[in-house]
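Below, in C-alpha cells: the form predicted on its own, a single chain.
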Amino acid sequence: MKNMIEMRDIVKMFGPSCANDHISLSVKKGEIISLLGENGAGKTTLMNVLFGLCRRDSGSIAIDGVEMPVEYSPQTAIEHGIAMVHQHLKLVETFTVAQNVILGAETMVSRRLFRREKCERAVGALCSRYGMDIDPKSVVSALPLGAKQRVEILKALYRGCKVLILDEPTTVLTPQETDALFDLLRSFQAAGMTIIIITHKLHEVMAISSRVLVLRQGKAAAIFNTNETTQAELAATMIGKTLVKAQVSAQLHSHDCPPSVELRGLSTAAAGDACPLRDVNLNLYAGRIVGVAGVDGNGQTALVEVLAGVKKLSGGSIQIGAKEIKKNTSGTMRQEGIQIIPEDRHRQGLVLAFSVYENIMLGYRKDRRFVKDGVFRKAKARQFVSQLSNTFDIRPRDTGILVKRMSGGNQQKVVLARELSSPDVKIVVVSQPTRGLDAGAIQSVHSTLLKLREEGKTILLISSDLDEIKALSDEIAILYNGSIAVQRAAQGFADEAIGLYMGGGKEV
C-alpha cells in the first residue's frame, strides 16, 4: 500500500538540545499508527515538524508522494491534507463552535458575503454526519474540555483532511467518550483517512493502532506491530525499565474516624453554561483518598474552584476540623493547608513566560527558609528548585528554561513539584493530575499521592481516568449534574454501577 507520509532522518535542534535525532517514519494510507514515548522524547516535536509548525534542521518529508520544502507553513500542510489537533487546544474561546470551525476558511461557505446562519447550518450538517452532539451556536468558553476537542476535530474534517494527527486525544475524555472517539477514528480509517496518535496510554495503543513507533530521548527506539507486542514490552522500550503499577493498599485508618473535611450542602451560582454545584455533600478523611468520578462538565471545575477559594459559595459550608467556613477566600483556604493541582495547567497553574525556577518559587516567595533579615536567599532557593527538578524528573534539568518551551507533561510536573512539596500541606485537591503524562511519570505521580496518603494527608482526587480513580481511591464519589449521586467504598464498587451513576441512573 502507498505511503501517505514519508519522513526520513529528521533532525530538529533547540539550541544544544536535539529533540529529534535522525528519526524516520513511514505511514501507509488508511493506517492508524501511534507514537509512544516519555515526556520530552520528541513525539510532539516530530509531528510539529510534519505539520509545518517547526522547521526541520535536516532530513526530508514527502506527503502523498509530494516532496516538501525545508521550510513550509501549517497552511501548506493543510493544503496537502494534514490536520493536527493539539494537546493544548487552539480555539478562540469567545467565538462560537461554528465560528471556530470555519475560521480561516470562510470562503468555503460564501465567497462574497459571510452569513452566520449559513455557516451554522454547514457546521451542524457536519456534526450530524459524524454523530457529534455539539450545538454550532454554543460559545466555546462554555463547553467542557471533551466537547472543545471535538470542535478541533470538526475543524480538520471541515477542511477535508487526509491525515489527522491527534496529540494526547483522550486525556480529557471519559472511558465512554474514548470508546466513541475510537469508533469515530475507525470510521475515518474505513473512509481512507490516515491517522497518527500521540499517546501515553499503553492500552489505547493496543486498542486503536496497527503499529507503534517508540521514541526515547529523541531517537527512534523501536517500531512494533501491535498484534506482535505487549504493554510490558512497550513500557520497557519506552523508559528502559519494567513498570510496577501503583495500587492503594489496605485501609490505613478506621472507617469510624470522623471526617477531617466535610462539605455540607455546597452550592454555587450559575455562570453561563457551566454546571454549578447543587447541594454537594462530601466527606474527606485524613490518610485516605476520595476519588471523584463523573462525565466531564458535571461540576468538577466548580468543586475545585470552591476549595481553592476562587469561586464563592451561594449556600452551604466547608467544615475543616473545628472550623466552619462559609466565606471561602483563597487566603482562608491556603491557611487551612489546602494545596490545589488545577485541571488546566496553562490557565490556572503556570506563568508560561516564566522559567521553571520562577514558577516553582511563586509558591515559596515568603517561605522563611529562603528569606533572612528581609533578604531573599537566591542560592538556597535555586538549590531547592534543583532538588525538586530531580525528584519529580522535570526535563530538561535546566531550571532556567521557560516553561512555555517544555512538553505538556513536564509542565505538569512543575505544578506538582511546587504544590506537593509545601511543608504546610494538609489537604491535597488534585484535578486531572496525570493528564498528558507518560507511563513513567504517571507511576511517579501515583507514588507521590500514595506517600501523602501514608503520611496522613487528606486527599481529594478528581480524574476523568476511571482506571486511575479505581487504582488509588479508598472511596469513590460520583458527581452528576452538580451533585454527589453516591459516595461509597471503592472496594466492590463495580464498573457497571459506576457507569450507571455517572449517566444519572441508580442501581435497582
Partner chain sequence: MKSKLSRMQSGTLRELGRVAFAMLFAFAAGAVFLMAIGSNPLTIYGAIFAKAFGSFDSTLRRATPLMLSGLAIAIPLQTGMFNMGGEGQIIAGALTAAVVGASDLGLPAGLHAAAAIAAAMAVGAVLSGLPGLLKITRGANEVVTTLMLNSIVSYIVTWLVLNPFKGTDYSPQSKKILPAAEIPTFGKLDFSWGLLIALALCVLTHLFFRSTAKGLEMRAAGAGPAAARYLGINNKLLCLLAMALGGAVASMGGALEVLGGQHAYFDEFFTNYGFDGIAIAYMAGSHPLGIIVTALIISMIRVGALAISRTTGMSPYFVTMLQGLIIILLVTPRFAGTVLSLVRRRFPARKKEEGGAA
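Bear in mind the structure is a predicted one, so any value in this text is a computation, not a measurement. Residue numbers count along the first chain shown, from 1.
We do not show the form predicted together with the partner chain, though everything after this point is about it.
Enquirer: Looking at 219-227, 329-337, 179-187, 131-139, which lies within 4.5 angstroms of the partner chain in the predicted complex, counting heavy atoms?
Expert: Among the candidates, contact is made by 329-337.
Enquirer: Contact with the partner chain in the predicted complex for residue 236, defined as at least one heavy atom pair within 4.5 Å: yes or no?
Expert: Contact check for residue 236: no, nothing within 4.5 Å of the partner chain in the predicted complex.
Enquirer: So, in the predicted complex, is residue 379 in contact with the partner chain at a 4.5 angstroms heavy atom limit?
Expert: So residue 379 does not count as contacting the partner chain.
Enquirer: So in the predicted complex, is the partner chain close enough to residue 321 to count as touching (4.5 Å, heavy atoms)?
Expert: Contact with the partner chain, no.
Enquirer: Can any non-hydrogen atom of residue 342 be found within 4.5 angstroms of the partner chain in the predicted complex?
Expert: Flag for residue 342 set to yes.
Enquirer: To verify the annotation, which of these, 79, 398, 424, 279, has a non-hydrogen atom within 4.5 Å of the partner chain in the predicted complex?
Expert: Looking at 79, 398, 424, 279 one by one, just 398 meets the 4.5 Å heavy-atom criterion.
Enquirer: Using a 4.5 Å cut on heavy atoms, which of 125, 269, 310, 325 is close to the partner chain in the predicted complex?
Expert: It is 310 that has a heavy atom within 4.5 Å of the partner.
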